[in-house]
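What follows is a single chain, given as structure tokens, in the form predicted on its own.
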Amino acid sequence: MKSDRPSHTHPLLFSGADWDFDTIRRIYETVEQAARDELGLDTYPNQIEVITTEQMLDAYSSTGMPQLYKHWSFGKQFAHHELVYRKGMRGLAYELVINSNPCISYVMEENTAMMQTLVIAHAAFGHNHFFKNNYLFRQWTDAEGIRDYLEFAKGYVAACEERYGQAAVEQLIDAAHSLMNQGVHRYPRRQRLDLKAEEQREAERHAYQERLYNDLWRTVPTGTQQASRQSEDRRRALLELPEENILYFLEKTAPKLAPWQREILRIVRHVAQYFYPQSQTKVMNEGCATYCHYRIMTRLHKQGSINDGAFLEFLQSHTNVVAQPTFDTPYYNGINPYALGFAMMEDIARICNDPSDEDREWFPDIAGKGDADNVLKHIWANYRDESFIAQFLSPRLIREWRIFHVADDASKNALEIAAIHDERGYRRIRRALARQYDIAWQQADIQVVDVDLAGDRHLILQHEVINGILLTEGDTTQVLQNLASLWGYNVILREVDPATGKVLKEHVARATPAIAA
């Protein structure tokens, strides 16, 4: 009979909670060997940075990017995080990791030796492998150039503050930040992003913008109706309308923005694009890192690198991370991505190695295949949350998690249980849960559709309404006002039923001289 007791083939990495930098080095080397031997992970080179609590709070406040440009809102976030942390209302994350090459993992100096081991296994190898191999990160982010670009952006914003005044720059960034969710390209581009060359291309880009700007505003229609129509077609072709990336559209064509303002819009847009893959892979990314750290820490215990006390400490932290509160507990806050991701990874490994008849029917391509690690690595590389759940959430896991589908139709007086645990219900539940992670359902579909150059130059946008859900009045008014300030003229946003084309609501923002060039 095979024993699960530690074989003690390796020296103990540490005893007790204390550590020094030599201990960190030995921990890293041992975890790296386990990650290669146990899972065969493919990662960027690692850079481990030990930081204080204050530095972790600072990193939190700048959206997890310590090298990001300065902005007052980051200071506000710092004050909030520090308050809740000091009062004991919330703990800090044990780690922070940046998708770059080399991959930077920040660990806190207050961590115990076991926690440093866990963080290195989780971030430096689990997240790192996911960053390097998932198709969304490969397609939309530039791990090679992000650090250079952030340095460039930080210096550029600081130089603009020195030259044009801090208030003017903050005002511009405030407006741009409010449009970040509408500042990403959602469809693949022809060429990979090359952020290292941004500074060198800046002059050429500005020259092109000036040519486009002059050509655009010469197309104001005059003369016959046919000439006007031709001019309109040419204008729309030049503007490449419709355009879903509103920050990109403003950067290229807003009539009143100065070159330095267009460059800052571009910086904000690149930052938004950097985070775009992360918003679509929260379950998979955390699930991958959690699954990897669990396998690595278990191996370290079995080979005798960590003792029973450290392994029990690890199990307590791991259990807390993957806990899923039930809907009726006071601290329920939706589905825990760590819990769902880890549960699905373990379930996939089970299906590969020890499938039931039900698994063979639902997952004929992987059931009983026996190569769970390579199946998981294929999934980590080629799926996002929505497609991952739609493809791999099993009936067994739906039963274990007691998931039901509750339909909440505003036109009806009562909630409806739309799917239960039967053959048809499993498929409905899986489809409904996957849709909650579909970016097309999470974010409003708003596009720039036209510009009235013949009249008062107002900008026209259209929101295609899904399920009759209109935009929130207060937020829409504020964001639209920011957009009007950047455009320099009035802005009209029409909310349209995509099935009938009927305008359900119209918002208008008047231009103000708020954004000064």
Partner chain sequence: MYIIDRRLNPGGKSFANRQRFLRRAKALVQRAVRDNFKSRSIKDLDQGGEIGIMRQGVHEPTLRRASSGGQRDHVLPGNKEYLEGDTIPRPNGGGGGSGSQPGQGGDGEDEFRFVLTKEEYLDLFLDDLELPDLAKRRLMDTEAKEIQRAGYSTTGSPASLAIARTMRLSLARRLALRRPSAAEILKLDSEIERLEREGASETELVVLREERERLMRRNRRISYIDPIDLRYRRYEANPKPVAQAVMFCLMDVSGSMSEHMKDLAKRFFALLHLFLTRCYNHVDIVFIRHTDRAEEVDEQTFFYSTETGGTIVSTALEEMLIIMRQRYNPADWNIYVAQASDGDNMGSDSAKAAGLLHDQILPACQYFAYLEVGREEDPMPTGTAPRPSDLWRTYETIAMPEGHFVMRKVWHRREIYPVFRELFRRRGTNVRGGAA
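Positions refer to the first chain, counted from 1. Source: prediction; values computed, not measured.
One more form of this protein exists, namely the form predicted in complex with its partner chain; it is left out here, but the text below deals with it.
The listed set 161, 263, 243, 144 contains one residue whose heavy atoms approach its partner chain in the predicted bound form to within 4.5 Å, identified as 161. 475 is the sole member of 37, 42, 456, 475 with a non-hydrogen atom within 4.5 Å of its partner chain in the predicted bound form. Of the candidate stretches 301-309, 404-412, 132-140, 266-274, only 404-412 has residues with heavy atoms within 4.5 Å of its partner chain in the predicted bound form. Interface membership of residue 58, defined by any non-hydrogen atom within 4.5 Å of its partner chain in the predicted bound form, is confirmed.
Within this chain, residue 74 lines the site of its partner chain in the predicted bound form, having a heavy atom no more than 4.5 Å away.
In the predicted bound form, residue 343 stays away from its partner chain, with no heavy atom inside 4.5 Å. At the 4.5 Å threshold, heavy atoms of residue 182 reach its partner chain in the predicted bound form.
Contacts between 34-54 and its partner chain, taken as any heavy atom within 4.5 Å in the predicted bound form, involve 46, 47, 48, 49, 50, 51, 52, 54.
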